[in-house]
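Below you'll find only one chain, the form predicted on its own, shown as structure tokens.
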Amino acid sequence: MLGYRELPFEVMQTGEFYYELLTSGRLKIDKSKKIKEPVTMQDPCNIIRRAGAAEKFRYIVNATCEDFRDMKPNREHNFCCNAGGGLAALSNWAAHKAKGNRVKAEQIQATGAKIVITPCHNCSTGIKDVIKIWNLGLKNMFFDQLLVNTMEIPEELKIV
């Protein structure tokens, strides 16, 4: 990549970067702003199975939400969102795939959550389709939305 034998920087998924911001103290959460509705999270296949980010992602969710409800099964055993590594966003098969993903709809519904957090853009597409096709009546959120809604804003950065 770019002619380097070894990259002069670390490549990481955004959730891993957010985890580092939180654990280093560069980003702080205002506990009074934590999401109060019950939430669950989709474990993205590639990021969880290959990168091992499950605990980092749970750290972010627990830091920003009061009522996290893990799906069962979870982590590397979680059911796929069925977005096909981005194919759902690129094709007209989204509704067909979501109809065939009843197991994911039931898995989400069993948590009683009102919000499904999706750390992956492809998962977001797949989960939004599942929510719509199966009439789950839930919201979908990315980590950045969680952080923007719950982070402390330093006084010097506040707009008066």
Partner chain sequence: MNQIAEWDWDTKEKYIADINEWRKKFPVVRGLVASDDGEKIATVIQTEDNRFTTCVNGDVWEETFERLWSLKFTPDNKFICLTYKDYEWALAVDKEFWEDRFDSAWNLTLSPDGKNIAINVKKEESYGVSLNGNTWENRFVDARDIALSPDGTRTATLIQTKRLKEGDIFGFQEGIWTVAVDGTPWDKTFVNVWGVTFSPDSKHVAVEVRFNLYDYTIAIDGKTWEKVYNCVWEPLFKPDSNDIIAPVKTSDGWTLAINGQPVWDTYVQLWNQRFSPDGRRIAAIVAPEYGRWTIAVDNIPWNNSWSDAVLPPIFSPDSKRVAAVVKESRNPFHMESALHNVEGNNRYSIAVDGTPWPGDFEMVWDPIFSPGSDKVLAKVEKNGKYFIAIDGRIGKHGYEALWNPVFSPDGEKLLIRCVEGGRYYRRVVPIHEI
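Note that the rigid core is defined as the largest set of C-alphas that superpose within 1.5 Å between two forms. Residue numbers count along the first chain shown, from 1. Remember, predicted model here, so these are calculated numbers, not experimental data.
Only in words, not in the display: the form predicted together with its partner chain, which the text now covers.
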### Message
Test of understanding: in the model of the complex, would K56 fall inside 4.5 Å of its partner chain by heavy atoms?
### Response
yes
### Any non-hydrogen atom of K36 within 4.5 angstroms of its partner chain in the model of the complex
no
### Summary
Across 8 to 28, the residues having a non-hydrogen atom within 4.5 Å of its partner chain in the model of the complex turn out to be P8, F9, E10, V11, M12, E20
### Message
Aligning on the core only, does the CA of A51 end up 2 angstroms or more away between the shown form and the other one?
### Response
yes
### Query
Where do S24 and P8 end up in the model of the complex, Cα atoms closer or farther than shown, with a change of 3 Å or more?
farther
